[in-house]
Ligand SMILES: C[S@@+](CC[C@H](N)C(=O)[O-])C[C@H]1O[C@@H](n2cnc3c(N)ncnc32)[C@H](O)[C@@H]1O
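Before any questions on binding or motion, here is one chain by itself as structure tokens, the form predicted alone.
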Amino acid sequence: MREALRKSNEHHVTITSEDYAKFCEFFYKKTGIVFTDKKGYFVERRLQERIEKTKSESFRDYFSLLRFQMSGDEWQELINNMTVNETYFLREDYQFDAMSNGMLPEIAQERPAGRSVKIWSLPCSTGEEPYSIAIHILEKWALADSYAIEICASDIDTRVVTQARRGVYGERSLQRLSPELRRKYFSKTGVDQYLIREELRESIDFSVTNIIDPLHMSRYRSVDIIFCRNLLIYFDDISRRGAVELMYECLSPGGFICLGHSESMSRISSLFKPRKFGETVVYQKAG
């Protein structure tokens, strides 16, 4: 059993092992995310910070605030603090190659020019992935101008969605971009500060979405390609399967899902068949 956290100063409240377990169960039911023992210190620290910030007298008071606050503001603030977002442009770009060399050409074969092609990035974090998708298509897919490319991007964290809409990045995020791509798609606005081109910012539809909420997911239909990389590793088998089934409903017939390199759809659901493009395995909606 986890021992109660000791009070380090007069503002701290005690979180017992039962409190911690109750919180983890609640967070899991709302988000599908499982906190492992390795995350224990991180979770407790962030939880303690929110208890202090809201001036709650006890864990029980704070937990009631989370559950019953009408606006849901504190719940969203907690989510923003509990989720980790670290990414950069052209991360795992071999999947982008599979998109431009394999998935998009297949889609184009079945769809007349002028029609829309919809691509969804989730979780989009601070926007590097959806902007990378846009840049890659413009640079690598010869038929980019022949179709109406729609890119939507979503995350459960309102803070990172706001950052993504702004489109301002530092050198760390741009580390894999060539000088040519930087000049073409960014303007330097300060020391270690780059603003992505306005046309790209306006071309992507950013929103806040909880992947295990059927109501949230019902907003997305007729999606051709979903990039859902390195998210499901934080879920258990039940929530992972539920999320995948909701994504299945969002996809067009024959649509594709790209998972992270350590994830495998075969362990989650039989709704998809593996497809190999070059050295990359993606998953196609079956049936």
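Nothing here was measured: the structure is a model prediction, and the numbers come from that model. One-based numbering along the sequence shown.
Below: the form predicted together with the ligand, not depicted.
Checked against the ligand in the model of the complex, the residues 156, 153, 164, 99 give one hit for a heavy atom within 4.5 Å, which is 156. The contact residue chosen from 146, 193, 81, 210 relative to the ligand in the model of the complex is 210, the criterion being a non-hydrogen atom within 4.5 angstroms. Contact with the ligand in the model of the complex, judged as any non-hydrogen atom within 4.5 angstroms, is confined among 136-144, 100-108, 119-127, 184-192 to 119-127. Although the partner is absent here, residue 91 sits close enough that one of its heavy atoms falls within 4.5 Å of the ligand in the model of the complex. Contact annotation for residue 248: none of its heavy atoms lies within 4.5 Å of the ligand in the model of the complex.
When contacts are judged by a 4.5 Å heavy atom cut-off, residue 86 counts as touching the ligand in the model of the complex. Using a 4.5 angstroms threshold between heavy atoms, residue 59 stays clear of the ligand in the model of the complex. Scanning 227-242 for heavy atoms within 4.5 Å of the ligand in the model of the complex gives 229, 230, 231, 234, 235 in sequence order.
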